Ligand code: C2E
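Below you'll find only one chain, the form predicted alone, shown as structure tokens.
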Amino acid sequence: MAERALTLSLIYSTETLIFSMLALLLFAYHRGLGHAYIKFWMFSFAALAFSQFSYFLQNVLNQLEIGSFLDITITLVRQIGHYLFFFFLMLGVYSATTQDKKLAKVVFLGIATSVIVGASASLFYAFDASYVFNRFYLRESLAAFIFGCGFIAAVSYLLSSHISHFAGKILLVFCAIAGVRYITYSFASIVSLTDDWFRHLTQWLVFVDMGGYIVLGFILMVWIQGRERDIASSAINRAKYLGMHDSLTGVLNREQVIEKLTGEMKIADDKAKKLCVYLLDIKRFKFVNDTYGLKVGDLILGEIARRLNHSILKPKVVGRLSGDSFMYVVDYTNEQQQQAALEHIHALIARPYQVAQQEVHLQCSVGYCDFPADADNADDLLQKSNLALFQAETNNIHSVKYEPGMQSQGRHLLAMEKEIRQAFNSEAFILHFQPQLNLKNNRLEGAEVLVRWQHPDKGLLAPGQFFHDIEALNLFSELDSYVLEKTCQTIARWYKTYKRRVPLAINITAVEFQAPNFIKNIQRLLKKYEIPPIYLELEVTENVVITDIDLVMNTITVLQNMGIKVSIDDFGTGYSSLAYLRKLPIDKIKIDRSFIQEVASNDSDLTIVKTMVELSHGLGKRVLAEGVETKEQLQLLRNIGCDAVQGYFISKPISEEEFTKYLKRK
């Protein structure tokens, strides 16, 4: 008997040492890798080491009185340690196979349950030596049944998780064997507890369990290594994927578009087919980002890529080149198929996008070219599609096909962009002013600000000589900001020099007027140069209003509340002018010069102008006539009640030096 106790003490002490070392090794892995499942397995083997240490103490102190404090304490450690071992082992398996990181509540409940079950098994029937069978059933049979059911459940879970690496499959087999071992032992203990064969079985299971737990430790180590290899392999594969695909949308990136297009060109050439390369750019996508946020913008880009990639035309290449620019390539045999594909692209983009229970409507500009008619390599096809797209965006056309000669215009614009940006930096854009005469008191009412380019080689350039290039380069917003800043500087300088302020009117383009930071920029300039808002007037055309009437009306209302006047320029040349005049909260309308040119000789023009004046006055708005060039025109406008005029008869646009002569007069 003493020999058996010594043997068991040696086994349990060895197990304690081995399981403690495994726990330390898992601790080192956890510090290096930081995964939660390794930490759970570390706790599991630490708990098992404490449990086996309690077995060691129980064998060393085999004469302990049943129900004594030391007996109860050792039993508590053994039972609770064993249940904690099993709980953390299973929790580690779950954590290793899922992405669930919110396990704090599960950990708390699991520890509490282990402590309660372990304490109950230790304390019930613990103080009476006659209840030896009851204690055995609670401490051994019940634990074996719980562990057996748990291991069988783990087998089912691992099977459903489809673990692919080797250690996972070995762990599945281990759990199956362990489940059978514990359930068989539990039922055998109930049926044959007093039989000799069961006593011998219990003795042999001490050695079996020791070897099994050691094997379990090595299985978990192999699991960690295998999972880390899988993670590394996934990272490498993802890096390869991201190297070939756009990370946001999943379609091919620019480099892979060129490579894939080159391959498709070879296939098309071998099969005597033609390819059409479409380059798409989403219109006003910046407005979507500014209105709904970048996250929504990214989701919409992903949806656009999905629609293009899953198109019924089965495109040969779909890729995202940059920002909101996509490439779409199909093969075709005749021009009708080419046009059908073009219409299909526009239909795909125009289909509404659902965002925050709202529908977002988008359109695109498309430039396209053909292989092999327009180019025989991918880079040239991309360049020529881009030139066609540039033409589409510049002229506000939905689609443009590449034509020879577009390269020269592209080179011209490239050179012009450099010159224009240099002009911004050197302040070569200067202001001229066209006086406006108040017909009620025959005094200077204000002036319209006009921009000129003091070109270093070509001299003073009028707007008609460079506005087309600025529009083509989408630089009107920068020009508007520049002119606004210069105008505010001028108002402040005149007040400082002449103690006079003259209201100045500035033309604002649709791009700038609808910019999200437009109001803040105006407020910043007024504060910076200490300008009363009534001396700044903003002129917008009817076309600006038509683009987004609700947004424009809100902006005009905010500007008016600030004290800034807003007028409609070139009135009568837009669409539904009278309807918009009724809705818009504007201060003044400017009748376009086309109606004034023949107002003195054409009864129709006179009737139109007179009607405009009467209607505007009826709505409480002032009227200014542009393009007044003769005394007859002036007198006629005065007679029909026009409030103010401007034109060459009053004064042509003049430089600041000439205009300041007005300021010197009393």
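Each residue number is its position in the shown sequence, starting from 1. Keep in mind that what you see is a predicted model, and the values were worked out from it rather than measured.
Another form exists, predicted together with this ligand; not displayed. Remarks below refer to it.
**Q** Only one of 492, 483, 444, 90 comes within 4.5 Å of this ligand in the predicted bound form by heavy atoms, so just point that one out.
**A** Contact check passes for 483.
**Q** So which of 628, 47, 623, 26 reaches within 4.5 angstroms of this ligand in the predicted bound form, heavy atom to heavy atom?
**A** Among 628, 47, 623, 26, a heavy atom within 4.5 Å of this ligand in the predicted bound form occurs only for 628.
**Q** Would you mind picking out the stretch of 210-218, 344-352, 448-456, 190-198 that comes within 4.5 angstroms of this ligand in the predicted bound form, counting non-hydrogen atoms?
**A** Contact-bearing stretch, as computed: 448-456.
**Q** Would you confirm whether the three residues 434, 463 and 539 all fall within 4.5 Å of this ligand in the predicted bound form, going by non-hydrogen atoms?
**A** All of them do, each having a heavy atom within 4.5 Å of the partner.
**Q** At 4.5 Å between heavy atoms, is residue 593 in contact with this ligand in the predicted bound form?
**A** Residue 593 belongs to the contact set for this ligand.
**Q** Looking at the partner-bound form in the predicted bound form, is residue 166 within 4.5 Å of this ligand by any heavy atom?
**A** Contact with this ligand, no.
**Q** Contact with this ligand in the predicted bound form for residue 567, defined as at least one heavy atom pair within 4.5 Å: yes or no?
**A** No - in the predicted bound form, heavy atoms of residue 567 and this ligand never come within 4.5 Å of each other.
**Q** Is it the case that residue 124, even though its partner is missing from this view, gets within 4.5 Å of this ligand in the predicted bound form, heavy atoms only?
**A** Output for residue 124 is no: heavy atoms all beyond 4.5 Å of this ligand.
**Q** Would you mind checking 634-648 for residues with a heavy atom within 4.5 Å of this ligand in the predicted bound form?
**A** Heavy-atom contacts to this ligand in the predicted bound form: 647, 648.
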